[in-house]
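Just the one chain here, the form predicted alone, laid out as C-alpha cells.
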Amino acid sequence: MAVQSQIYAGAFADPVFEAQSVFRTLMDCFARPGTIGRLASAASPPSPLGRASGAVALTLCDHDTPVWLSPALSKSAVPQWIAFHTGAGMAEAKDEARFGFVETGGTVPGFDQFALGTQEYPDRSTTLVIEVEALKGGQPLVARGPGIKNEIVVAPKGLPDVFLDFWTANRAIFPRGVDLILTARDAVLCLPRTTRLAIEE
C-alpha cells in the first residue's frame, strides 16, 4: 500500500501552472548556461529521485518521450510514478531515450551511450538530468559559449571525476550531443551542448 501511495502522490498541486513555471525556469537557464535557477514548484517523487529532478520529469516528459532511468531509480517506485503522472514509457536502451535520469551518487554513464542526434536532426538527442550534492562547492569550471557574457564559473559538487572528459567529447561532435540539466534540492543548472567547459586556472 505504501508503494501505491508513493506512485499516486507527490505531483504538482496545480499541474498546468506549476509545469509552466518550471518550464520557464528551465528555458531561462538553458538561455543563460551556468546560472542557477530556483524552482518555485517542486515535486515529491519516490526516493531516490530528488525534488527538482521530479519537477523536471513532470514538466518535460510525456507519452512521446521514452525515459531511461539509472539502475537504482529503475528498481524503485520512480518508473511507475513517472508513467502515472506523465504517460512516459521507459526506454530499455540508453540511445532510445529522450530523457535520462541519474540520482545523487549514481553512476553517470558515458554521454556517447545516449542518443546524440544526427547532423540533419541534432535535436533527436537525449537530455540528461543528473542530480548532484550541490550546485556550488565543487571543482570550479570556466564556462564559455552562447548565452554567456565572456565567461562564468560553475562548480557543481558531486560530478564524477571523468565528467570533464565526457563533456569535452560531447562538445567535439557538435551540433550532435547531449544537453544536461543538473539538479540539487529545488534548484537547477543547465548546460547545453554549445557550452565549453575548462578547469579554472
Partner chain sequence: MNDLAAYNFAYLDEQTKRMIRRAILKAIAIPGYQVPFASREMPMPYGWGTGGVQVTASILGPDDVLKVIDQGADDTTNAVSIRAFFQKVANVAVTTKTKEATIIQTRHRIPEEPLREGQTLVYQVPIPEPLRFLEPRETETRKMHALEEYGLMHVKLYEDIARNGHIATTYAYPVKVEDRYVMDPSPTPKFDNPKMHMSEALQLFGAGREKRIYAVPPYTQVVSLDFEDHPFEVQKFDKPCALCGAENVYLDEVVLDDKGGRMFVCSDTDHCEDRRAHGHAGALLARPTQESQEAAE
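None of these values were measured; they are calculated from a predicted model. Residue numbers count along the first chain shown, from 1.
This protein has a second form, the form predicted together with its partner chain, left out of what is shown; the following refers to that one.
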* Asked: Heavy atoms within 4.5 Å of its partner chain in the model of the complex: which stretch among 152 to 160, 131 to 139, 41 to 49, 27 to 35?
  -> 27 to 35
* Asked: Any chance all of P71, E96 and F166 sit within 4.5 Å of its partner chain in the model of the complex, going by non-hydrogen atoms?
  -> no
* Heavy atom of V16 within 4.5 Å of its partner chain in the model of the complex -> yes
* Tell me, yes or no, whether L60 is in contact with its partner chain in the model of the complex, where a contact means a heavy atom of each within 4.5 Å. => yes
* Any non-hydrogen atom of T194 within 4.5 angstroms of its partner chain in the model of the complex -> yes
* To do: Examine D123 and determine whether its closest non-hydrogen atom to its partner chain in the model of the complex is within 4.5 angstroms.
  => yes
* So which residues in 155 to 185, when you check its partner chain in the model of the complex, have a heavy atom no farther than 4.5 Å from it? -> F174, P175, D179
